[in-house]
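Below you will find one chain, with nothing else, as structure tokens; this is the form predicted on its own, and questions on how it binds or moves follow later.
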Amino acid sequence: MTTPLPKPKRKDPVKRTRKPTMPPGNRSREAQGLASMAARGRFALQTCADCGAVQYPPRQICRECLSGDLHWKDVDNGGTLLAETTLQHSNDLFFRDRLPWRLGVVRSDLDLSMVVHLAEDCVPGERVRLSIGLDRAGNAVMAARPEKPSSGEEDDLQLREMTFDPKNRRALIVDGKTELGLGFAKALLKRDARAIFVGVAQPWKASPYLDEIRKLEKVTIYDLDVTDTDSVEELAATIGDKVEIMINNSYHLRPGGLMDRFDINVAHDEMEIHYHGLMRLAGLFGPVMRSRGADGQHGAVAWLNVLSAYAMVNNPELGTYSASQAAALSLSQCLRAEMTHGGVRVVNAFLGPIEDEWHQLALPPKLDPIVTADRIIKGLERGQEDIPIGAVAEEIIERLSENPKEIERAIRL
């Protein structure tokens, strides 16, 4: 049985906050392909197109026939734990602060031997299920858990380093006036978040979803307008040192293209909220979160940006909105590079059309906001770095990888 996760202790203001350290991690170009699979939550390994042999670790040529025609494919993640050991000493700064650390050798069902990070409940000789995760530096690592999921396995302190589980952590939801914001609050409560901070712009404007959020436990409402630097700065000064998961769900959509709806004011508002808003949040909350990436078992862990799938390819029916989302995605990639130094991972969730007033004319399938929020939080629990939600987002990603020109010409709302 996994040892229950200890409750957060009151921070001693006299003690110095532990400086973030990174696990060792120069990776080859081929190994970065494995990181790409882990970021999307896939258990995929290189497979030879000529002889079918599965490769691990990643390589340039097939281990059996020396062919260079290797492709990433989803494969079986079962195996048997052959041996285990517990690391009691390390000269590496990252592991030295986290000892003891369990490692094991697994013989996978693919006839491969793998050195893995080992969950507490794994027993030599028994079946395990393998997963590919991302460590604090964003590099792919192999982990093993018991074949049958056990109660409380998410409490495993060692493997918790590779996920963004909200249990006993405090989260800030930037926009609490949308149904998606309500969904996030409910999903976080269901997973035992320690506290939930909810931002509200234009508090004079009524919102039925905010009224529902006010009834929830562990929720505190704050004024937060991402278009106002003073508003963001004031909230960062109040709770910036407490936020361990940032959920940037800022949202401003108005249908229309470029020439057919030439409206600088609308385009300005979209950029101000999606791009400059992210910049304000990053500049004022980011440094404190980055400094708390190693602040004990409940330190800062993730920054989540909720983006449209049209950030990856422009939808002419939502032209300027798509452009503002693309700008936010680019800025998010910059933020990811900067936050990595503190071990805080930047996560992007890509959504298709959701069921709201601004997608009335969009054809199905459309996403239910409450279900969508729950699926995104599940992605955090699994440690995903890129989370596509819904058939539209998944299709865009797939078609971009196959033929980007085709989807550029074919996409419509």
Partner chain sequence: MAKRQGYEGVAVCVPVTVPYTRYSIKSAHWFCGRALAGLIKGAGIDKNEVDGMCVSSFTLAPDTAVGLTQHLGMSPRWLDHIPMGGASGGVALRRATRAIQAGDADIIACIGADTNHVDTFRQTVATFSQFANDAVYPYGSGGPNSSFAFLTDHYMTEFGAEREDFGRVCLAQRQNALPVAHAMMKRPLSMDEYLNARLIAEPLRLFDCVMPCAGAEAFLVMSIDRAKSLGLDYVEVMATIERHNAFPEDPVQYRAGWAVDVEDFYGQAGLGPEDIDLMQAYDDYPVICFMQIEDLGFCGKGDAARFVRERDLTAECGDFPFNTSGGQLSTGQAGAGGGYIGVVETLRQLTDQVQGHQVENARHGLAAFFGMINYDRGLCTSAIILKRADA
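Positions refer to the first chain, counted from 1. The model shown is predicted, which means the values in this text are computed figures rather than measured ones.
Another form exists, predicted in complex with the partner chain; not displayed. Remarks below refer to it.
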Checklist entry - Between the options 386, 356, 381, 30, which residue brings a heavy atom to within 4.5 Å of the partner chain in the predicted complex? => result 30
Item to check | Contact residue in the predicted complex, chosen from 98, 218, 107, 242 - any heavy atom within 4.5 Å of the partner chain | outcome: 107
Item to check | Proximity to the partner chain in the predicted complex (heavy atom, within 4.5 Å), stretch among 252-260, 114-122, 299-307, 320-328 | outcome: 114-122
Checklist entry - Would residue 74 show up as a contact with the partner chain in the predicted complex if we use heavy atoms at 4.5 Å? => result no
Next on the checklist: At 4.5 Å between heavy atoms, is residue 88 in contact with the partner chain in the predicted complex?
Outcome noted: yes
Checklist entry - Is residue 294 close enough to the partner chain in the predicted complex to count, meaning some heavy atom within 4.5 Å? => result no
Next on the checklist: With a cut-off of 4.5 Å between heavy atoms, is residue 57 one of the residues that contacts the partner chain in the predicted complex?
Outcome noted: yes
